[in-house]
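As a starting point, one isolated chain is supplied in structure tokens, in the form predicted on its own.
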């Protein structure tokens, strides 16, 4: 086991998105790596949380066939349809809320030696289910500072 000592640091930043489509999957791994680098944290955790109730965070393979499989699976479990009770409020996005619930809204990623410590195929995605408007993701990075 490797133990590190040093100054504990917490860094907070935001990523903003306005997708072109109502449903999109955006790879945000490079953005997160840049924020980890900027934070100066060498060992700790990176919390990534979609701050909207119709968006999620997904960690998986960067492979288009899998992305389509995900969309198909979510549509089977939470299909876009007009008869949700939520639609009685004037909204038309109940399926987006349910898809977000299935996918989940956040993840915690390890940081080791100043980098996200992801598996060989893991990438981090922002999943939008009711887009075409400005939304944000909070990124909280917590750990031991470099040096």
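Keep in mind it's a predicted model, so treat the numbers as computed, not measured. Residue numbers count along the first chain shown, from 1.
In what follows, reference is made to the form predicted in complex with a further copy of the same chain, a form of this protein that is not presented.
Q: Find out whether any non-hydrogen atom of residue 30 is located within 4.5 angstroms of a further copy of the same chain in the predicted complex, and reply yes or no.
A: No, no contact at 4.5 Å.
Q: In the predicted complex, does residue 140 come within 4.5 Å of a further copy of the same chain, counting heavy atoms only?
A: Contact with a further copy of the same chain, yes.
Q: I'd like to know whether residue 12 contacts a further copy of the same chain in the predicted complex, with contact meaning heavy atoms within 4.5 angstroms.
A: Yes, residue 12 is a contact residue.
Q: Is residue 63 part of the interface with a further copy of the same chain in the predicted complex - any heavy atom within 4.5 Å?
A: Contact with a further copy of the same chain, yes.
Q: Using heavy atoms and a 4.5 Å cut-off, decide whether 24, 80 and 132 all contact a further copy of the same chain in the predicted complex.
A: Not a single listed residue reaches a further copy of the same chain in the predicted complex, so no.
Q: Along 87 to 113, which positions have a non-hydrogen atom within 4.5 Å of a further copy of the same chain in the predicted complex?
A: Going through 87 to 113 in order - heavy atoms within 4.5 Å of a further copy of the same chain in the predicted complex - the hits are 89, 94, 97, 98, 100, 101, 102, 103, 104, 105, 106, 107, 108, 110, 111, 112.
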